[in-house]
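First comes one chain, alone, set out as structure tokens in the form predicted alone.
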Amino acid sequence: MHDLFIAPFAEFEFMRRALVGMLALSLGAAPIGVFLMLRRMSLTGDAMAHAILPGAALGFLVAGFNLFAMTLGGIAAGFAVAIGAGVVARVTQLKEDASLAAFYLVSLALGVLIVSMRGSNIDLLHVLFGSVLALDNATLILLAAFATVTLLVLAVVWRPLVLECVDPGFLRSVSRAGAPVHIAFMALVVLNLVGGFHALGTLLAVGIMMLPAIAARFWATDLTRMIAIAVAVAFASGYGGLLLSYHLGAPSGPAIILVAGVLYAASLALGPVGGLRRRFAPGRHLEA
């Protein structure tokens, strides 16, 4: 058991770094994923994950795999796409989801083109799928900083953010906090997707954000418990995916997301809150 579950992390520093990085991502990204799900913006996270690619690619074009350049470029691109899609939706008849889809498709194509022109196929794979096993100290500090900022901002905007999930119309009628809270929330989405980009790449970053959140929905109705479960599922996915990658020689990023997918499937089948088990094998009802 020790050789199977503990030895890889005890013997290899890169495995410990990857595990710490996944812990930071779990603490920051999973709560954001829960709020995205409750706000019915799950696909927005996927679109925004693709939208950061051209900014990160421009950072790569200027400075190679420089942490600061790619982070700054990704954040700038994410904000630009979010703001641009919102403006187009408000000044035209196009809905925001369609506007965001157009922006992210163009962003994805542009980012792939930029990386392909400057780098090799290996560089492109690194950008698209990440390299969680190659996290260095600077990247770990960045991921920890993003997680810290996320938790602090969520603590500040918790009440209006929860109220906006339940009844945004009521929030607008009693407070002017709706717009600032939405902007702050979208900023957190961008930050966590950029953090996930450094570990899991553009295509998989949203997976550690949304799959644990969706799985948690089958285990709890209380928001606090849902977030706690989502964080636990995200970290378990990181731990299990790293072990799978180590023992089977599989790519680490896809292995982590596949483990998250397995946990989602198990939650779907066994979860007590709307899961298939409750639907096909309901408990006994009280009898008069």
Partner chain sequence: MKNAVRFRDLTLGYDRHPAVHHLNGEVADGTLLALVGPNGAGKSTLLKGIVGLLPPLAGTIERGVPASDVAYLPQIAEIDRSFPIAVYDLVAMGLWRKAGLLGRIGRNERATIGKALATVGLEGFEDRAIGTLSGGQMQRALFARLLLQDARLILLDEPFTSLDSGTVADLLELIRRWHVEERTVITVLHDYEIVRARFPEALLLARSPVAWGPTAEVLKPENLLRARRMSEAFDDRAAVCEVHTEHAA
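Residue numbers count along the first chain shown, from 1. Keep in mind the model is a prediction, meaning the values are calculated, not measured.
Another form, the form predicted in complex with the partner chain, is not on view; read the next lines as being about it.
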Exercise. Indicate whether the partner chain has at least one heavy atom within 4.5 Å of a heavy atom of Val174 in the model of the complex.
Key: yes
Quiz item: Hey, in the model of the complex, does Val162 get a heavy atom within 4.5 angstroms of the partner chain?
Solution: yes
Practice problem: Indicate whether the partner chain has at least one heavy atom within 4.5 Å of a heavy atom of Leu223 in the model of the complex. | Solution: yes
Quiz item: Using 4.5 Å between non-hydrogen atoms, is Arg217 touching the partner chain in the model of the complex?
Solution: yes
Exercise. Select, from the options 36-44, 23-31, 52-60, 241-249, the stretch whose residues sit within 4.5 angstroms of the partner chain in the model of the complex by heavy atom distance.
Key: 36-44
Practice problem: Identify which of Ala179, Val91, Val166, Met117 has a heavy atom within 4.5 Å of the partner chain in the model of the complex; exactly one of them does. | Solution: Val166
Quiz item: Considering the partner chain in the model of the complex, which of Leu105, Val156, Ile83, Leu125 comes within 4.5 Å of it through any heavy atom?
Solution: Val156
